[in-house]
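Just one chain follows, in the form predicted on its own, and it is written as structure tokens.
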């Protein structure tokens, strides 16, 4: 992976409920805080919720960009000086728009129109789909979020095997979430790696270990990023380490992104407004 911009990172999981979107949002916040210019893209077309995590109402988003109705600058929502969101509002997203060809085309346009970003994070829907697979292979790195539960590990392994079978050059990393201890994380990672090496012929690298912490549920409930809740929390420190693994050879170029509707899309999310 070279130092060209923007660097595309897909974030996936084998099943739902593993904290993928929460990790994606807070990882984007960590990168932005490190002065990287970041675009977070909600690719969970059927049930996108990143705008709710960010407590922001979005008038425009991925639908308008995918259909060429708006440019990227016009479609994004500004969150902070270094972080923008391309939101997916389920009530307005037409699933038929996102066939494989359309998704690959959208990723190419993200690269072309997103040259002012350092990183573009694609938060995919959980599970396996042809569209998500196509976007993963058009990205530079794919992160699999896994929790230490049998079904999560099994589904993540199945997803990794599928991604590798369709393109054995894929750069895949494992981010283990909701751990009781680092030892538990190391045990799960080694088991995953051994199984992958034996039956796939390769294995993903580790991106890090995130321990279970109430600060995460507090962050979600109050619709505030982790660093606003507790900037010393072990979860945040783990995500800082993970962010370093995604930015090797990439120097930050922040601050202050120039987006078209930073003022237009700044209101709180309608779903659950927190004052």
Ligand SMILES: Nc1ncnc2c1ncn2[C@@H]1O[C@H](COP(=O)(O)OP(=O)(O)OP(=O)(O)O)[C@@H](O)[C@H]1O
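All values reported here derive from a predicted model rather than from experimental measurement. Numbering follows the first chain given and starts at 1.
The same protein has a further form, the form predicted together with this ligand, not shown here; the description that follows concerns it.
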property: Which of 58 to 66, 32 to 40, 245 to 253, 204 to 212 lines the interface with this ligand in the predicted bound form (heavy atom within 4.5 Å); result: 204 to 212
property: 4.5 Å heavy atom contact with this ligand in the predicted bound form for all of 19, 23 and 44; result: yes
property: Single option in 126, 133, 80, 141 placed near this ligand in the predicted bound form, where near means a heavy atom within 4.5 Å; result: 126
property: In the predicted bound form, the one of 52, 229, 236, 220 near this ligand [non-hydrogen atom within 4.5 angstroms]; result: 220
property: Heavy atom of residue 178 within 4.5 Å of this ligand in the predicted bound form; result: yes
